[in-house]
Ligand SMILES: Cc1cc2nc3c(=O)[nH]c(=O)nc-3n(C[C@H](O)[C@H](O)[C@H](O)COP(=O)(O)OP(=O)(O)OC[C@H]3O[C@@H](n4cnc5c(N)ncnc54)[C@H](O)[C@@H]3O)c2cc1C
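In structure tokens, one chain follows: the form predicted alone.
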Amino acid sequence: MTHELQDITILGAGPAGLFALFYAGMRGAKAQVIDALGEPGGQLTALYPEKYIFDVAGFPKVLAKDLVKALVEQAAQFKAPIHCSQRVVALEEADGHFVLVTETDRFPTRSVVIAAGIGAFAPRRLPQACAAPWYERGIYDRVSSPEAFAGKHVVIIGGGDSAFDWAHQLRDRAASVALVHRSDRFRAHAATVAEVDAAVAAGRTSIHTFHELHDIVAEGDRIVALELKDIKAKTTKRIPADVVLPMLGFVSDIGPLASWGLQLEKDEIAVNSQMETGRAGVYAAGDITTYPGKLKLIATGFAEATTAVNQAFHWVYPEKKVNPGHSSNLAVFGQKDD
């Protein structure tokens, strides 16, 4: 399918990409977002939707999923499309504009803003062969609704931030929470580890260090227990399990971006103060960018998205100013136009 020509196409529906979509609409540009994931939000949705964020302007604290919801609502007032489950495989040029090519569709656009975070990423899968048939049938590497695990025996495999965050978040919902890790060294924040340790001491959570998945015990079409192997003693034990959450980190890849003629430093796009990438008409913002003094923060990404969109809009329409003026005076919001 070939879509309608847009002024600005934003690659990535994380916080920076969603704010860029809003800002493009505010400038009067025809815009759209393309993302490889199944729903907007990027890492906020895929990795820690139930985690509080404390450094977004105007919010004393906000759940990651609620921030995503607000960003989607903010952009929605301009009715710009968000195309999910669209993995970009190429950037072409035709008839004086770009064409972003995905595995199924073509998206013509006059300019591009890359807000792809760490690139396309996917959760690492459990290496044991016994796990493969149970993905999405009892094994889930993403948590979209914690309430789905209420009253369940939940086993979390991993020793990083996501594993400990979910052990903490699900403790009061699940019938039991068990954390399984191959060592006694954890990569999570010390404060979260301390919270889970306190829950273990209180008998509300169990931790099985130096253990790994050995086998899955099922009754019919549902998981009922896991067999764990002690990697030191080579013994096995069985623990109850209705749900298994592998939190083993993720693999990321900037994929075809590497061949787009951009200025790259390792797997990041080097930009200047105008968020220019080295290829005319292509800008970038957010975690995928690098420059001297770069801070990988959501707050920074919002500012970079603003700059990238304003520069892209001016590039598409040279007669338009780069500076949009104050939003409180814009006609698009029913105010007096400067």
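Nothing here was measured: the structure is a model prediction, and the numbers come from that model. Residue numbers run from 1 along the displayed sequence.
The next section is about a form of this same protein that is not shown, the form predicted in complex with this ligand.
Chemist: Of the listed stretches (269-277, 42-50, 306-314, 24-32), which one has a non-hydrogen atom within 4.5 Å of this ligand in the predicted complex?
Modeler: Among the candidates, contact is made by 42-50.
Chemist: Taking 4.5 angstroms as the cut-off for heavy atoms, does Leu262 touch this ligand in the predicted complex?
Modeler: Because no heavy atom of Leu262 falls inside 4.5 Å of this ligand in the predicted complex, the answer is no.
Chemist: Please run the contact check for Val113 against this ligand in the predicted complex: heavy atoms, 4.5 angstroms, yes or no?
Modeler: Judged by the heavy-atom cut-off of 4.5 Å, Val113 is well away from this ligand in the predicted complex.
Chemist: Verify the contact flag for Ile157: yes if a non-hydrogen atom of it lies within 4.5 Å of a non-hydrogen atom of this ligand in the predicted complex, no if not.
Modeler: Close contact is absent here: in the predicted complex, Ile157 is far from this ligand, nothing within 4.5 Å, heavy atoms only.
Chemist: With a cut-off of 4.5 Å between heavy atoms, is Gly249 one of the residues that contacts this ligand in the predicted complex?
Modeler: Contact check for Gly249: no, nothing within 4.5 Å of this ligand in the predicted complex.
Chemist: Here the chain is shown alone; which of Pro123, Pro108, Gly119, Gly138 has a heavy atom within 4.5 Å of this ligand in the predicted complex?
Modeler: Result of the distance check: Gly119.
Chemist: Quick one: from Val88, Leu226, Ala174, Ala167, grab the residue that has a heavy atom within 4.5 Å of this ligand in the predicted complex.
Modeler: Selected option: Val88.
Chemist: Could you run down 13-37 and flag each residue that has a heavy atom within 4.5 Å of this ligand in the predicted complex?
Modeler: Result: Ala13, Gly14, Pro15, Ala16, Gly17, Ile34, Asp35, Ala36, Leu37.
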